[in-house]
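Form predicted alone, single chain, as structure tokens, below.
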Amino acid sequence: MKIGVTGLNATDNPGPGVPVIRSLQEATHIKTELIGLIYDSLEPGIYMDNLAQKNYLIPYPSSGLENMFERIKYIHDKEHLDFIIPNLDSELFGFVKLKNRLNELGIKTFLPTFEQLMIRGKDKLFDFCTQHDIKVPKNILITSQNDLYSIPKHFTYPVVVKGIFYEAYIANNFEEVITGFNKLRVKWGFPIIIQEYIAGSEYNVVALGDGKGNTIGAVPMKKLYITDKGKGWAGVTINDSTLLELTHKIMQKTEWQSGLELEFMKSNETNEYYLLEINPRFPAWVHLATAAGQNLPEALIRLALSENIDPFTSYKIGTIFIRGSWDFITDMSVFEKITTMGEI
């Protein structure tokens, strides 16, 4: 199968594309040829040896769906793509809207529905959790700077200031709230979320749902090292029945279709888990699940092909990932080719 994969931005804020490709390279039920779909000619995944067989520039989602579709159609005419796995939050709405048109070309996807994407939105998550008795930090939505003055009515400091799509800042006072608010307002727009700060340890779960309420696979991990951007730079798979029960509950209530990542905080005060976010795609550490025995990207492809898959029932506890930096050396002509021709 020829599979297009986005999100090859393996930087200090890495996308999931590279670990998804690594997982597909280790697939045992399907044979793949992997095509990188990239947004920038400096995405490190382009320059990694033995990763994608070819790479093509595609337009940013903000350029419009028609531009995106025409570029994918051009790539498809050359490569005869069988499947595309989008890996970035910001592109998912566009790919969901293009799903039927891509299917008419013969390109399959396995994506969340529009309704599922809305349910897990940072401005909707609190309502979903309270409706289904899942602990979640309380939050308020801010649509103007004047709204910030209501914070003392709802919270004590510190608080978390979150963008509607990405990024979050811990603010210890009103001045830090203003700073975080202005950064996020310019970058992501409104609303801004002000969230209760839960002191504790961070845990994540990567999972795959079949769209019928069933969990095909789920692997929890504890973050061992967190960067100043809040990204897990090391983590270990753990045995935690509570996390898995919460995951199964969320997958059932949402009838989630596709991969996702659940972000939890285990409170130091109550020792209970609070759901912070539902990220609607595989995380950048998804290859850890593959190494622990659950190749979820491969299973996603097989679900889309309507294969009967028995859910994973185990994984190797104590499997660790540790990220590092590596300089990829190439010639200027390689960079020029991808920049000028849009493919390599």
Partner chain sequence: MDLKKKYERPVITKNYSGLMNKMGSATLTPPKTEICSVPVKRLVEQYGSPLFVMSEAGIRQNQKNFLRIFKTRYPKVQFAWSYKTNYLSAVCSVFHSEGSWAEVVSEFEYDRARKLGIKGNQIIFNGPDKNRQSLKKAISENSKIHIDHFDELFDIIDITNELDISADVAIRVNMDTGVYPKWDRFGFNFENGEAWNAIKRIVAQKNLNLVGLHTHIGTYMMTADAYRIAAKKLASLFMDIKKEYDIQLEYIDLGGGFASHNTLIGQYLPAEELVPSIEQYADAITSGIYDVQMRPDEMPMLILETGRALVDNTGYLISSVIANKRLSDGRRAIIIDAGVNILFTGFWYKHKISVAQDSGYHTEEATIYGPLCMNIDCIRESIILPTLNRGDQLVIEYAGAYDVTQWMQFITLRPNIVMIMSDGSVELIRKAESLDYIMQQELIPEKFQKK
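Quick caveat: nothing in here was measured; it's all calculated off a predicted structure. Residue numbers count along the first chain shown, from 1.
Form predicted in complex with its partner chain: not shown, discussed below.
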Completion exercise
Here the chain appears without its partner; judged in the model of the complex, the stretch of 310 to 318, 273 to 281, 294 to 302, 33 to 41 with heavy atoms within 4.5 Å of its partner chain is 33 to 41
Handout entry: Contact of Gly106 with its partner chain in the model of the complex (heavy atom, 4.5 Å)
Key = no
Practice task
State yes or no: in the model of the complex, is some non-hydrogen atom of Met1 no more than 4.5 angstroms from a non-hydrogen atom of its partner chain?
Solution key: no
Exercise for the section: Look up in the model of the complex whether Arg71 has a non-hydrogen atom within 4.5 angstroms of its partner chain, and give yes or no. Expected result: yes
Handout entry: its partner chain contact in the model of the complex: Glu245, any heavy atom under 4.5 Å
Key = no
Completion exercise
As a check of understanding, the residue in Gly94, Pro137, Pro158, Gly163 with any heavy atom within 4.5 Å of its partner chain in the model of the complex should be identified as Gly94
Exercise for the section: State yes only if every one of Pro14, Trp233 and Asp240 has a non-hydrogen atom within 4.5 Å of its partner chain in the model of the complex; otherwise state no. Expected result: no
Fill in the blank from the handout: Residues in 310 to 344 that come within 4.5 Å of its partner chain in the model of the complex by at least one heavy atom, in order, are Phe335, Thr339, Thr340, Met341, Gly342
